[in-house]
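Just the one chain here, laid out as structure tokens, in the form predicted on its own.
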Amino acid sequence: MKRTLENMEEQFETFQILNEEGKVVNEDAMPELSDEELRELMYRMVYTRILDQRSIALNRQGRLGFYAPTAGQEASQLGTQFALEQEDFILPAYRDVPQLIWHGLPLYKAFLFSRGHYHGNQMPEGVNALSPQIIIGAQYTQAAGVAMGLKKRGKNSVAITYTGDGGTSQGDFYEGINFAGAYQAPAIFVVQNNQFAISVPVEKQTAADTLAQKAIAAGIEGIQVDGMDILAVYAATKAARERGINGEGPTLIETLTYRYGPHTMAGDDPTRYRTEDMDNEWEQRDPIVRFRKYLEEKGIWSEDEENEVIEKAKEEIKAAIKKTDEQPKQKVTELIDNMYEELPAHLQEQREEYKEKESK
């Protein structure tokens, strides 16, 4: 049933399963996950938090290029990806590299992407994904197109895409959800509302009470989820996927989350626009701490197990960056060749000049 403008506040009440203390507050909505699957979710969140910490350190050492921190958004990112099947397509934004890694992108290729190497944008066979989109919101129109293609080919799969709260101010956001809605394309549009588009607070992005309610204008399903609650995120995405493959159209999911670090490592200073009280408030909602409490209460997670994950992550990250360092450096001629199918005359001349230099 499509949403209407009636009873807006009640319709878009935040969906939650685990509260900040790790207690179940919505038993009826609990997803059917085995203990092993619950442990796997925790494993991935802990691993990704360590990956974020190490990536920041590698960036500061000059061993990585562009990097957008992910700490705080693990539940939002990994809960959505865990609800997917391998045949589903991911169209990520630049902060959404973790989803690609857990969908099958080798870690060393994720590091190559950060360095701007074209191999980092080449998805292995069987990994249905596009490389992270740098242009804000562009992935929304692309996702609508990919989803439409899946529908036309009779595929039993969906296309999922991500943007931040600032991305909802872009024209591509509205065009994407409107097109997908008009053609009932199997798309899932995720808005990771981490409260700030770089330094601009969400209340200056829109006069709407929620970002989820923007789904109404496109005639599609919309839901606001506690983005620090991985079970709620997973359940909402799983339901959205079912709607998509059953021909019920796309879904817009707003996840209320928070990035603990800067927007990117390219000079952003979050202390200029975020208060210490705000940081402390959101740290109390930490998705890993919350889920840890829940799993420990069930007796299926321990400090020793978490430490094992941490050590494993560190070793694998160390090996991956070593493999990244061993890859041949990208040549200017390779950059030119990958930009055009048919080179214009001025680039043909430049390519020949660089080819001669590279051969020396």
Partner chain sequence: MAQMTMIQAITEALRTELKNDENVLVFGEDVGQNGGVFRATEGLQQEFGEDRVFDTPLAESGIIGMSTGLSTQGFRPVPEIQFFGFVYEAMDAINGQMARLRYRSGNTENAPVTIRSPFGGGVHTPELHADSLEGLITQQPGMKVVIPSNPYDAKGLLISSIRDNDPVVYLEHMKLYRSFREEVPDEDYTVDLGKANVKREGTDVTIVAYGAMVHAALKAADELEQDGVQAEVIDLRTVMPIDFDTIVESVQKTNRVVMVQEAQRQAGIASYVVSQIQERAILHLEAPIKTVAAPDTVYAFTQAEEVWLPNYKDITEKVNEVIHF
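So that the term is clear: the rigid core is the largest set of C-alpha atoms that superpose within 1.5 Å between two forms. Positions refer to the first chain, counted from 1. Note that the structure is a prediction, hence the values are computed from the model and not measured.
Beyond the structure shown, there is the form predicted together with its partner chain, which is absent from this document and is the topic of what follows.
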Handout entry: Whether 133, 152 and 155 all lie within 4.5 angstroms of its partner chain in the predicted complex by heavy atom
Key = yes
Completion exercise
Checking 335, 309, 56, 30 against its partner chain in the predicted complex, the residue with a non-hydrogen atom inside 4.5 angstroms turns out to be 335
Exercise for the section: Would you mind picking the one in 289, 245, 278, 182 that has a heavy atom within 4.5 Å of its partner chain in the predicted complex? Expected result: 182
Problem - Interface segment, criterion being heavy atoms within 4.5 Å of its partner chain in the predicted complex, picked from 231 to 239, 120 to 128, 94 to 102, 269 to 277 - result: 120 to 128
Practice task
Check whether residue 138 has any heavy atom within 4.5 Å of a heavy atom of its partner chain in the predicted complex, and answer yes or no.
Solution key: yes
Exercise for the section: Mark residue 23 yes when one of its heavy atoms lies within 4.5 Å of a heavy atom of its partner chain in the predicted complex, and no otherwise. Expected result: no
Problem - Heavy atom of residue 145 within 4.5 Å of its partner chain in the predicted complex - result: yes
Handout entry: Exercise: residue 89 in contact with its partner chain in the predicted complex, heavy atom 4.5 Å
Key = yes
Problem - Is_shifted residue 350 between this form and the one not shown (CA, 2 Å cut-off, rigid core) - result: yes
